[in-house]
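Shown below, as structure tokens, is a lone chain in the form predicted alone; questions about how it binds or moves come after it.
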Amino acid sequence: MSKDSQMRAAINQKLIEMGERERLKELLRAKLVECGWKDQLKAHCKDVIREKGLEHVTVEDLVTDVTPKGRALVPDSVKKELLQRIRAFLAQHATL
């Protein structure tokens, strides 16, 4: 396991232990709904299903098609806010 992987695992563990991971997930959900991301992704899913036909689309296919679009649609402001929150958390709990 590389040093980077070890650090990510340690940070993730600390976020989970302190309950911050769940708070960040809730914040992310709220921000994505607020900015219309959920509606945009839902519309994209409908387009993919319409193009391929309902009988020819599996959940796995849909996830494969939609994931890159979903990541691309997350506004930079949301990404920056989450990153700031994580950095602030790490600064407060700098025992890693």
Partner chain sequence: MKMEDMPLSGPDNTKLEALVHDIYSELVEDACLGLCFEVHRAVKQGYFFLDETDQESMKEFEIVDQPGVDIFGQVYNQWKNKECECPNCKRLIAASRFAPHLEKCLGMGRNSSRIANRRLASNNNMSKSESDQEDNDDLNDNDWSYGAEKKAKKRKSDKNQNSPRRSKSLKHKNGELGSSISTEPYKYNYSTGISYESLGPDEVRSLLSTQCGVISEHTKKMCTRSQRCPQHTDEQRRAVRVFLLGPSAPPLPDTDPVVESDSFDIPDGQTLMSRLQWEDSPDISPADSASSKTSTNHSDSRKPKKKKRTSLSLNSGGGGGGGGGGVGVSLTGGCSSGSSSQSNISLSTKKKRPKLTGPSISSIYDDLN
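Numbering follows the first chain given and starts at 1. All of these numbers come straight from a predicted model, not from anything done at the bench.
Just so it is clear, the following notes concern the form predicted in complex with the partner chain, a form of the same protein that is not shown.
In the predicted bound form, the partner chain sits within 4.5 Å of a heavy atom of K38. Using a 4.5 angstroms limit between non-hydrogen atoms, L83 touches the partner chain in the predicted bound form.
Using a 4.5 angstroms threshold between heavy atoms, K52 stays clear of the partner chain in the predicted bound form. Although the partner is absent from this view, M18 stays clear of the partner chain in the predicted bound form, with no non-hydrogen atom inside 4.5 angstroms. Counting a residue when any of its non-hydrogen atoms is within 4.5 Å of the partner chain in the predicted bound form, the hits in 72 to 93 run V74, K79, L82, L83, I86, R87, L90, H93.
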